[in-house]
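In structure tokens, the next block holds one chain alone, the form predicted alone.
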């Protein structure tokens, strides 16, 4: 069984997220999503519209996702890869090179983002609506 993992905040779920998860699942048999907790997002300087529990329910409902785990720190990736016996880590290409240090534990693949959509753009567009 080939196990794949990806990490993210997945706030304001959109078709770019679905594209990433579908492509990630196509690489293996089992897809794990490390979902950033609310506390971790504060450390990262991110503000979410939906809480961790709400985002987790959304991600769990996606057919490509087999398991959602909390992402609490940057450093947990090595222990997650070992604990869950991960074969492939997938991240968006805006993280290109940032996780290459994990190549000694598993294969690392960076997928291109869906160019015409992003959570940041949605939040910006919504802020213009009054």
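This is a predicted model, so every value here is computed, not measured. Positions refer to the first chain, counted from 1.
We do not show the form predicted together with a small molecule, though everything after this point is about it.
Residue contact check for residue 94: one or more of its heavy atoms lie within 4.5 Å of the small molecule in the predicted bound form. Although the partner is absent here, residue 17 sits close enough that one of its heavy atoms falls within 4.5 Å of the small molecule in the predicted bound form. Of the heavy atoms in residue 56, none are within 4.5 Å of the small molecule in the predicted bound form. In the predicted bound form, residue 104 stays away from the small molecule, with no heavy atom inside 4.5 Å. Only one segment in the set 44-52, 79-87, 61-69, 24-32 has residues whose heavy atoms sit within 4.5 Å of the small molecule in the predicted bound form; it is 44-52.
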